[in-house]
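The chain below stands alone and is given as structure tokens, in the form predicted on its own.
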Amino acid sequence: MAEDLNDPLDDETWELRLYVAGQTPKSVTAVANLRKYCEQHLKGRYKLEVIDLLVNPQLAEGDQILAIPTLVRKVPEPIRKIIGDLSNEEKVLVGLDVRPVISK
């Protein structure tokens, strides 16, 4: 009987929320960086929701957002948060616990 060595995180759809405040340089940079990382490392396996707190400030309370931009990984659990413009790719990937995709 063959052992299944696939990581369950490989098949799961990642749910990410990025909280921003308008189109500030930090917010724009965070969105661009996150989209790039997701396409490189989670292509086809993620849902990204960008929440502008200038439009919907009440949404900050649910995820206890204290600073912006803040990225929240909702799924897979546990929930993780990263604050800042997400310019350091290595720190973002480690913070999200994203593992490199291994070609089969």
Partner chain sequence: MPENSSSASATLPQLPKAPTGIEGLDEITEGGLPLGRPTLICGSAGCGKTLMGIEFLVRGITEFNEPGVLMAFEETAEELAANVASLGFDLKDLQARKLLRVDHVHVDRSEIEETGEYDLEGLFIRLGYAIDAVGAKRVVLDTIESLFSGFPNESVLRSEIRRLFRWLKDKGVTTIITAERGDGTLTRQGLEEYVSDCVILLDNRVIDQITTRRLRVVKYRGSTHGTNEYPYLITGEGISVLPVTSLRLEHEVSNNIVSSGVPALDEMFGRRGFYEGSSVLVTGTAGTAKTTLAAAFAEKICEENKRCLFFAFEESPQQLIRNMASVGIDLRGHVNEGRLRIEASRPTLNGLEQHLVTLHRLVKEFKPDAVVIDPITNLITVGNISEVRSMLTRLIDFLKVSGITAYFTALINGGVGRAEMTEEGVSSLVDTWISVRDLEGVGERNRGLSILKSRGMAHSNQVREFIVTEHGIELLDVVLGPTGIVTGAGRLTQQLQEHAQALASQQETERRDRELERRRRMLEANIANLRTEFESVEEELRQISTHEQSRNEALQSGKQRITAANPPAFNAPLSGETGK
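Computed from a predicted structure; not experimentally measured. Residue numbers count along the first chain shown, from 1.
From this point on, the text means the form predicted together with the partner chain, which you will not see here.
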Using a 4.5 Å heavy atom cut-off, state whether Q23 contacts the partner chain in the predicted complex.
no
In the predicted complex, does Q64 have a heavy atom within 4.5 Å of the partner chain?
yes
Please run the contact check for L54 against the partner chain in the predicted complex: heavy atoms, 4.5 angstroms, yes or no?
yes
Would you please decide whether N88 lies within 4.5 angstroms of the partner chain in the predicted complex, comparing each non-hydrogen atom pair?
yes
